[in-house]
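As structure tokens, one chain now follows by itself in the form predicted on its own.
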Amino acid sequence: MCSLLATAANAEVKSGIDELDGPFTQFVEGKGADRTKALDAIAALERNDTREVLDGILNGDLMLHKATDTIVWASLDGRKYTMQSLDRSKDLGSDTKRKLSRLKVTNSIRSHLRSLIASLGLRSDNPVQRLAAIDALMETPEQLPDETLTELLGSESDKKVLASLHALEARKQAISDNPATRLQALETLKTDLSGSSRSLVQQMAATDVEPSVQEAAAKVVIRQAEKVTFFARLETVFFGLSLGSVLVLAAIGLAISFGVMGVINMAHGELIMLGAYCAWAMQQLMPNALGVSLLLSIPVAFLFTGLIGIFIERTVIRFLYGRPLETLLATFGISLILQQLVRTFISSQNVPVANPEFMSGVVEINSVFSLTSNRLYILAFCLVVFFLLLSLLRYTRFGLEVRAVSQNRSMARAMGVRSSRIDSLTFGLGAGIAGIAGVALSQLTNVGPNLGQAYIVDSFMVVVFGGVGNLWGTLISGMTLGIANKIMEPWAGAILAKILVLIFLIMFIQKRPRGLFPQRGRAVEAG
């Protein structure tokens, strides 16, 4: 009986591939280091299906058929496993679970398999797979032979992958027994700001047995900390500019209607909301072309909200000029009507607006500083809208008439300017810009009936702080308030930061009632 058992235990495992029979026998029958050597032998064969085989061992898809001592691909089908030969050229029928045995994979074997699979990825044609393979080796760089690393460094053409390989090389050097090699590693690690790199340098500064290495590591720790602080501040400025661009987009339309015409339009936020719904509607019409639908939604939102603005001016506001309190109440009522219309005919819940592919992802500068693509696009979009509007008001006949009416309505009329027509078009222009602001906001926040309420107060703050009727003032005040908010948020919180900004604004207006860049206009003349 014992003899039979010994014979069975030493039986050669068959795989159907001659060069794999030996390694699989060693892996199945061996113990400890013999099993890892067997895996190394499989990996060293560099067959086309080597990675698939190693994945199969790791995931339990490869099993041993006990009756024939054959390695097979096994997949559960009902109560039985269907079997295929290792090269997948033959179907071997099906058998019960009792006739099959999983290949034993301990934690150490599992870790070794993952390292081997990662090493295979280093030679992939796909840079993303090569990067993933390098990342998998960062914690255990000693598993990559020096010769392989040197070969990869000499042949790699992708800059990002090459930088990762150098980082991996530095980690190998950092665990070297030679102090000079560890010092060489610090030269590379001082530019690597990833969390694992900083932890490694901190560990070297605290525990390295060589005083010169400890001292050099301590200097690198300080240098890395300074860089992290610098990029954290840079990130705060970026988020501030991003928030500022949103505020400018939301306020710039109001700067036209409130700043130039002197109309307190409480429905401005709802015009922004309607613009965001235009983006949603275009995506419903073209669900398979998100980028095109977003671009088309810009003119659609401008025309739609612009026409609504003209309608509001002609039917309500025209009869309330010179009566700011009645205008405020009337436009507040309009804002409620617009919200209810959206709730009734679309939904009271938020609607999804997806980001097109070109606005997804991030631009990674380094391990601690990256820029989100959608915020970069909106920042650029804000500047484009601003300069187009500035050019319209400065270099066109319409802009000249708007400025003439805002500065002296009587004189403008005497010169032949149809002030009532300019009033309608100006209000429509402000409403149209609010609409395209809504398209931009749809890429950053939830689109719902209450979207505009979140921006109406901030919009008035931006316009008042910058100086009523001054577009440059709107741009500068929007960016300033955005950066100020983001600087205070880390230590004061988002709500308290807004309150502090509001208090500062109230105190500022006491000193400069006309804002940063005061300009003559109808409101000023009335005062």
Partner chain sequence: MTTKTVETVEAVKEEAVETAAPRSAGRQRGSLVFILTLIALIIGVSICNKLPEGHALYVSNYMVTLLGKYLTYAILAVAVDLVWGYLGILSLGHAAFFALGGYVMGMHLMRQIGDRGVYGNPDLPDFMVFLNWTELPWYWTGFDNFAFTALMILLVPGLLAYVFGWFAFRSRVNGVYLSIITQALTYALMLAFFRNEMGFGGNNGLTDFRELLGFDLRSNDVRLGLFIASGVALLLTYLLCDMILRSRLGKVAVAIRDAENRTRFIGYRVDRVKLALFVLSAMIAGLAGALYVPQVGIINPGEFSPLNSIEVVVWVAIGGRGTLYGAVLGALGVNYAKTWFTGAFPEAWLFALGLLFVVVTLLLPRGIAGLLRYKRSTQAAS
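Numbering follows the first chain given and starts at 1. So that the term is clear: the rigid core is the largest set of C-alpha atoms that superpose within 1.5 Å between two forms. The model shown is predicted, which means the values in this text are computed figures rather than measured ones.
Beyond the structure shown, there is the form predicted together with the partner chain, which is absent from this document and is the topic of what follows.
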item: 4.5 angstroms heavy atom contact with the partner chain in the predicted bound form for residue 47; value: no
item: 4.5 Å heavy atom contact, residue 336 to the partner chain in the predicted bound form; value: yes
item: 4.5 Å heavy atom contact, residue 343 to the partner chain in the predicted bound form; value: yes
item: Residue 319: touches the partner chain in the predicted bound form, heavy atom cutoff 4.5 angstroms; value: yes
item: 134, 174 and 191 all contacting the partner chain in the predicted bound form, non-hydrogen atom within 4.5 Å; value: no
item: Stretch from 454-462, 478-486, 30-38, 65-73 whose residues place a heavy atom within 4.5 Å of the partner chain in the predicted bound form; value: 454-462
item: Interface residue in the predicted bound form among 105, 264, 183, 290, criterion: non-hydrogen atom within 4.5 angstroms of the partner chain; value: 264
item: Heavy atom within 4.5 Å of the partner chain in the predicted bound form - qualifying residues of 305-329; value: 315, 316, 319, 320, 323, 324, 325, 326, 328, 329
item: After fitting the core, residue 174 CA displacement of 2 Å or more between the shown form and the other one; value: no
item: Residue 190: Cα shift of 2 Å or greater between the shown form and the other one (core-aligned); value: no
item: Threshold 2 Å Cα movement between the shown form and the other one at residue 386, rigid core reference; value: no
